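Taking the form predicted alone, here's one chain by itself in structure tokens.
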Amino acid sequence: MNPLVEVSHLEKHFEIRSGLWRTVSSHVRAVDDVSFAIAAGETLGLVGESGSGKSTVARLLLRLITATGGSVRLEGREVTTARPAEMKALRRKMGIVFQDPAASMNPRAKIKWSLRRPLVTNGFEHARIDDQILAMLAKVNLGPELLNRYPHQLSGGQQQRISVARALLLRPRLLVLDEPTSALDISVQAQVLNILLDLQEAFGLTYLFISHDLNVVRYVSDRVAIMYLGKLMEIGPVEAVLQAPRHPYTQGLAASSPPMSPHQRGRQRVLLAEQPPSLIDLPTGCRLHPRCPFRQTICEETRPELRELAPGHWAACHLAENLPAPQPRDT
């Protein structure tokens, strides 16, 4: 694999301050020793419950927030310690599409202004800017009549396609998609996903696709990474991970996802107990063990490391080789 993005031992700890003098009393380990790579032209899906650290990883990749430790490299160049001039050049190679498109646009500015701003800021020729905007609008199946409208005058699907167009105007190599379809109707989701796949092929884009919907991730991703309480639990080819998960947490996520086929409604499911613990007071050993139906003593005492169980398929579970796989059953 020729990686475009390399993430090594990435960490982000948020301080919690308390008392009269606002002294640091504890830390939230939002991202804890996360490593992965994304090949050029590949889509890596990043999945997990709310609070698992998915969006924090996305912001660390783009250096929207500062990492506590670890490394992020884009095309071999270090992102986490890049100087301002170098970071400006790197940021032109990266883009992001947020979950709520309306919140990422100025409600008092017309769409044309929102699209022109990144081009003007980065010194593009004014004479060519309008042509570039019109060409990109056509790529996302929108017409020029939207340019003089305000964000609230667009539908949710139109707003999200405007966000995609804006992110691609600088021709980035990497596009981070942070739950880009979760606020959209099912039919509109399909339209946006198909546009994203067409754009990836047209521009040779690399995607980090963040979602909680396993069916959406399966549709768009080449590989998938599963996060829980700031750590990677499992990573590998999307079909291998979702069809035959080797971590109880992945099995629990799959059980909570509506099946695509009615014949799977009676499938045997792995159910996770209780609620996720606090990020301030993390469990010892495996972070899933208080909720895991297969836990043993070793799970409570020793933290599991990611191990390669099959080519490209890794899981952080002491019992991964002997974990019972859910079997379909008749209704």
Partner chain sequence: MTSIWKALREAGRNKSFLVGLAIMASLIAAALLADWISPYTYDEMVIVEALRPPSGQHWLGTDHLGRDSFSRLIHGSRIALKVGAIAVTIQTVVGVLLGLLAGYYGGWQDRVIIFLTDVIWALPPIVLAIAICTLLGPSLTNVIIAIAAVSWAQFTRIVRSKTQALKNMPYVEAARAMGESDLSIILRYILPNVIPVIIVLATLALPVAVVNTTALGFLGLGAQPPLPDWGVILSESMTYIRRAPWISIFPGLAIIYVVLGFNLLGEGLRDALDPRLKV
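Note that this is a predicted model, so its numbers are computed, not measured. Residue numbers count along the first chain shown, from 1.
What comes next is about the form predicted together with its partner chain, which does not appear here.
Q: Would you kindly say which of R77, R171, R128, K88 lies with a heavy atom within 4.5 Å of its partner chain in the predicted bound form?
A: Going through each option in turn, the one that passes is K88.
Q: Among V140, I96, A244, I133, which has any heavy atom within 4.5 Å of its partner chain in the predicted bound form?
A: Contact with its partner chain in the predicted bound form is made by I96 alone.
Q: Give a yes or no for R83: in the predicted bound form, does one of its heavy atoms lie within 4.5 Å of a heavy atom belonging to its partner chain?
A: No - in the predicted bound form, heavy atoms of R83 and its partner chain never come within 4.5 Å of each other.
Q: Find out whether any non-hydrogen atom of M105 is located within 4.5 angstroms of its partner chain in the predicted bound form, and reply yes or no.
A: The answer is yes: M105 has a heavy atom within 4.5 Å of its partner chain.
Q: Evaluate L64 for contact with its partner chain in the predicted bound form, applying a 4.5 angstroms cut-off between non-hydrogen atoms, and reply yes or no.
A: Yes - in the predicted bound form, heavy atoms of L64 and its partner chain come within 4.5 Å of each other.
Q: How about S71 - does it come within 4.5 Å of its partner chain in the predicted bound form, if we only consider non-hydrogen atoms?
A: No, S71 sits far enough from its partner chain in the predicted bound form that none of its heavy atoms falls within 4.5 Å.
Q: Would all three of H289, F294 and H318 be in contact with its partner chain in the predicted bound form, where contact means some heavy atom lies within 4.5 Å?
A: No: none of H289, F294 and H318 comes within 4.5 Å of its partner chain in the predicted bound form.
Q: Going by heavy atoms within 4.5 Å, which of 26-34, 278-286, 55-63, 302-310 lines up against its partner chain in the predicted bound form?
A: The contacting stretch is 55-63.
Q: Can you list, in sequence order, the residues from 106-131 that come within 4.5 Å of its partner chain in the predicted bound form, counting heavy atoms only?
A: If the 4.5 Å heavy-atom criterion is applied to its partner chain in the predicted bound form, 106-131 yields N106, P107, R108, W113, R117, P118, T121, N122.
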